[in-house]
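Have a look below at one chain only, the form predicted on its own, in structure tokens format.
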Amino acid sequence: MNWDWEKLQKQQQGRPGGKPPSFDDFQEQLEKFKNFKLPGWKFIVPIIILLWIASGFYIVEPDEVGVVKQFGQFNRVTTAGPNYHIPFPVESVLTPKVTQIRRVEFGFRSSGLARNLSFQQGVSREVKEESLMLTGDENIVSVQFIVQYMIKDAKNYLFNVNDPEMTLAHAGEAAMREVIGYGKIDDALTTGKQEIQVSTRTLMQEILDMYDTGLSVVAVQMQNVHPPDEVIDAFKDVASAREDKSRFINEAEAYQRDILPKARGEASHITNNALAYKEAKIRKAEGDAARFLSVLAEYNKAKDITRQRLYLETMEAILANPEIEKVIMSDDALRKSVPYLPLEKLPAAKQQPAPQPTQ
């Protein structure tokens, strides 16, 4: 549309007194506007239609699924790869990531105000209204934990629950409070953490399945479990006493495992020595008896010869013994010698106490 503004200005300037344009001038311009034609409109309209049709093509990534909505309602689910849907406003598509592991924090926030942001080491703050819980033995404990989850059903995740993450947060807190409420504080602080995590994950999954949230709980991990700050010193004393008790028990068991085998080994050694001594004495006695009987039989056959042989064998044994001092004398010298009795080598006789004089 061509507006002849210069001509209009000249006409306005040519009017006396600078009068505004008349009705005829507006009617003339309106006629020009009605007769205006867009050049190439026959080509522009088909191009717009083709672009509208082409806007229905979309690509679903390998870690996503396509959820097609028709007039705002669920219609179908598409898989990874190129797909097509009727362009807006008839159909639209959502592509949630179904393989991504997400996390929700309970009892603390690692960064910022959002509970599902990425974890940052050393940047966290405690949320006591979530962390403080009552145990079954009527103690208060602060439990900080995280829940890892993923989308297992995109349709339920998008259409069944208004806020799936908030529902999961409420389910996680309720499940942990129930499990902690049935247990003791010692279980939460020491050896019962693994069982608590498994029980909480199972209960959370049951709650989420009951509401058809389309979420799957991958893991529940307890991060920091401790008593309230007001009584933490007393709990530390109790924990130290338990550690001392465990240490004493371990030391006693170690001493037991060390001393008992030694005692059993020594007893077995003594028993074996006694059995060996018994067996040696029996064998020796039996041998001596057999030898005596054999010598007796030979003695009965020839008493003089046997007596002489025994004498010679005995003398041979005595003379062959190097520990015995020997003095060899002839019979004549033996008759002339004076017997000598070494009295200084005899044991001294015990002196009897002198009798007390009678009054």
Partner chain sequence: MKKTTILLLIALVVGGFVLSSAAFTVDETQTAIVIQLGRPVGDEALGPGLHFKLPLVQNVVFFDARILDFDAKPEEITTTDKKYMNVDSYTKWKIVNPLTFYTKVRTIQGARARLDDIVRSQLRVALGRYTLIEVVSHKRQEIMAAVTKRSKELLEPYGIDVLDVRIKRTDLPAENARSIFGRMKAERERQAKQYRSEGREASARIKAAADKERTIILADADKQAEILRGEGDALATKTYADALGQSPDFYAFTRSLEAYRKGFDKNSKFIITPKSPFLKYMQ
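Predicted model, so just to flag it, every value in this text is computed and none were measured. Between two forms, the rigid core is defined as the largest C-alpha subset superposing within 1.5 Å. Positions refer to the first chain, counted from 1.
Keep in mind the form predicted together with its partner chain is missing from the figure; the text below concerns it.
Proximity to its partner chain in the predicted bound form, taken as heavy atoms within 4.5 Å, picks out 182 to 190 from the listed stretches 78 to 86, 144 to 152, 182 to 190, 95 to 103. Although the partner is absent here, Lys326 is a contact residue: one of its heavy atoms lies within 4.5 angstroms of its partner chain in the predicted bound form. Its partner chain in the predicted bound form is not approached by Val218, whose heavy atoms all lie more than 4.5 angstroms from it. With a 4.5 Å cutoff on heavy atoms, Glu178 counts as touching its partner chain in the predicted bound form. With a 4.5 Å cutoff on heavy atoms, Tyr299 counts as touching its partner chain in the predicted bound form. Applying a 4.5 Å heavy atom cutoff to its partner chain in the predicted bound form picks out Glu129, Glu130, Leu132, Leu134, Thr135, Gly136, Asp137, Glu138, Asn139, Ile140 from 126 to 142, in order along the sequence. When two forms of a protein are overlaid on their rigid core, residues whose CA moves 2 Å or more are considered shifted, and Gln256 is one of them between this form and the one not shown. Tyr299: CA moves 2 Å or more between this form and the one not shown after rigid-core fitting. With a cut-off of 2 Å and the rigid core superposed, Ser246 has a Cα displacement that reaches or exceeds the cut-off between this form and the one not shown.
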